[in-house]
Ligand SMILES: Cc1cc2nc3c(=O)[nH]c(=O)nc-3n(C[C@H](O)[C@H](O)[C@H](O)COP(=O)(O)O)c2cc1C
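The chain below stands alone and is given as structure tokens, in the form predicted alone.
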């Protein structure tokens, strides 16, 4: 069933819940974004990310402006994006804030190393991208971080951890 909508500048007639419900039908790979530097260490679970270009390698990640960790990503100017495998549900929950672990405490879970940018890199990630922050766009409730990819690391093999219908789902190989 299609939902009819009309748009005025900066407004939508679409109910935010209807939009969230529709987006929950789209499977998204689960990643951990991590940073470290002068503002301190931080990490979050994200599903809003995309490749922008391969010449030069550039990607984007969306972070909620009101997250306590977001400021650290902006001030540090570097981040890693780590693709989680199907066995990483518990780690995704920790970095999503579903436990009492905050900031540094989150990094006591998982096997982390310091990357070339100084950002933490998850050794067991299916793949990790290290980025230098080159731009930030403010869009509604989120900051869109644009990063120049300066390093990649291939880690584990296997199925990706996916998020769909407000829960984890494992992809087929």
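Here the structure is a predicted model, which is why all the values come from computation and not from measurement. Numbering follows the first chain given and starts at 1.
Same protein, other form: the form predicted in complex with the ligand, not shown, and the subject of what follows.
S.K.: Looking in the predicted bound form, is the ligand within 4.5 angstroms of a heavy atom from every one of 39, 108 and 112?
M.R.: Contact check failed for every one of 39, 108 and 112.
S.K.: For residue 136, is any heavy atom within 4.5 Å of the ligand in the predicted bound form, or not?
M.R.: It does not: once the ligand is placed as it appears in the predicted bound form, residue 136 has no heavy atom within 4.5 Å of it.
S.K.: Against the ligand in the predicted bound form, would residue 48 count as a contact residue? Criterion: heavy atoms within 4.5 Å.
M.R.: Yes, residue 48 sits close enough to the ligand in the predicted bound form that at least one of its heavy atoms falls within 4.5 Å.
S.K.: Would you classify residue 67 as touching the ligand in the predicted bound form, given a 4.5 Å non-hydrogen atom cut-off?
M.R.: Yes - in the predicted bound form, heavy atoms of residue 67 and the ligand come within 4.5 Å of each other.
S.K.: Within a 4.5 Å heavy atom cut-off, is residue 121 in contact with the ligand in the predicted bound form?
M.R.: Heavy-atom contact with the ligand at 4.5 Å: absent for residue 121.
S.K.: Which one, 113 to 121, 39 to 47, 128 to 136, 52 to 60, holds residues whose non-hydrogen atoms are within 4.5 Å of the ligand in the predicted bound form?
M.R.: Heavy atoms within 4.5 Å of the ligand in the predicted bound form occur in 39 to 47.
S.K.: Since exactly one of 96, 90, 74, 86 fits, which has a heavy atom within 4.5 Å of the ligand in the predicted bound form?
M.R.: None of the others qualify; the residue that does is 96.
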